[in-house]
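Starting off, we have a lone chain in the form predicted on its own, written out as C-alpha cells.
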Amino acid sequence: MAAFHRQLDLVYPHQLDGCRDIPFADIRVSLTPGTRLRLWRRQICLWSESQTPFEPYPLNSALPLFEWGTNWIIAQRLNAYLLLHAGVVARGEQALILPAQPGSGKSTLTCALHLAGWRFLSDEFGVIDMERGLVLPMLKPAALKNASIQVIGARPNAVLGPTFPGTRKGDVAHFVPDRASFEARRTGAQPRLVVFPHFVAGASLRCVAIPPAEAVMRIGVNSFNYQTLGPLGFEAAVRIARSAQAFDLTYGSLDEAMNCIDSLFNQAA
C-alpha cells in the first residue's frame, strides 16, 4: 500500500496542506487487501459504510479503484445537489458546463481548457446548487483514458499521475488540477454556457445551437440523480437552460474545439 499512498500524494498534492483536520466527511472509504488470490495476483477491496460495492481489483490498481469507487459513491449519495455527468471550467464567475456520455472526449476537453487558462471545477461532476443555481467545484483528479493520456500529457504544464495499463477501462492516468483551482474550491460559478461535446476522429467542426427545451432534456439525460430529485431536478435543469446558452459540438481537432468554445463563451458572456 506504500505505492498507493505515494500515488495519492502525487494526484492530490494541494490537499495535503489545505484539508487537514476536517471534522466532517460526506463519504468515508477504506482500501483493504482482498481475502483471496485470483490467478495468483494480490487484490484490493474498497469498503464504505461496511459494504464493498465492487469486485476486488488487482493490488497495483488501487488508485483507479479508489477514484472510480469514490465517484460512484458520490453519485449515489450526494442528493442535496443536482449532479451532472459533466466537466466544468470557469472564467471569473461564469462557468462552462460540458455534459457528455462516456467516450465523448469530455475529460480531454476539460483538461485542455484548464491548461489554456480556465479554472478547473470538476471533470466528473457538475455539482448544481439548486437553491442558488451555481455550479460548485469538486476538485478531484480527472481520469484520462488511452490516447487522451498522451494528448494531454504532451501539453505544456500538464501534471499526470502514473499510467495504469490494461484496467477495466483501458489505460488510465489521472490529471492534476492546478493549485489556483484548488484554492478557489469554495467559489462557485454562474452557468453561462453549456456545450455537449462529441469527439469523432477526423470529423470537421460542427456547432449547432440547442433550444432551451431540448437543453433541459439533455441535461437530465446527462445527470446521475435527475430522476431521483424529481421536480427539484427538473426546476434546476430549467434554470440552467434559461441562464446559459446550449450548443452541440462535434469535433475532430481539440484545438479547433477550444477556439470554438472561446468564441461561444465570449459571445454568451
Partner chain sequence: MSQAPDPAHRLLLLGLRQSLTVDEGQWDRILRLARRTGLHARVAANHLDGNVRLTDPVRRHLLSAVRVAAYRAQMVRAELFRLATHCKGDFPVVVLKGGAYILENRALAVGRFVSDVDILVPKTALRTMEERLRGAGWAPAPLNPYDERYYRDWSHETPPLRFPGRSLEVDLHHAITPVTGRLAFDPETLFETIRPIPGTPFHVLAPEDQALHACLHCFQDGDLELRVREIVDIDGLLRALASAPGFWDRLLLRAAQLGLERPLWYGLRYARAWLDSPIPDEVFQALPAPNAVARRLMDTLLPLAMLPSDPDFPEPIQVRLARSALLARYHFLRMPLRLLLPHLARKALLRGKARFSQSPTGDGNHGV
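Just so it is clear, the model here is predicted, and its values are computed rather than measured. Residue numbers count along the first chain shown, from 1.
The same protein also has a form predicted in complex with its partner chain, omitted here; what follows describes it.
- Contact check at 4.5 Å (heavy atoms) against its partner chain in the predicted complex: none of S61, G103 and V200 pass.
- Its partner chain in the predicted complex comes within 4.5 Å of no heavy atom belonging to K145.
- Its partner chain in the predicted complex is not approached by A244, whose heavy atoms all lie more than 4.5 angstroms from it.
- A residue is said to contact a partner when one of its heavy atoms sits within 4.5 Å of a partner heavy atom; L232 meets this definition for its partner chain in the predicted complex.
- In the predicted complex, none of the heavy atoms of F164 sits within 4.5 Å of a heavy atom of its partner chain.
- The contact with its partner chain in the predicted complex, taken as any heavy atom within 4.5 Å, belongs to R77 out of K169, R155, R179, R77.
- Here the chain stands alone, but in the predicted complex its contact with its partner chain, taken as any heavy atom within 4.5 Å, falls in 23 to 31 among 23 to 31, 216 to 224, 200 to 208, 61 to 69.
- Counting a residue when any of its non-hydrogen atoms is within 4.5 Å of its partner chain in the predicted complex, the hits in 122 to 153 run M130, E131.
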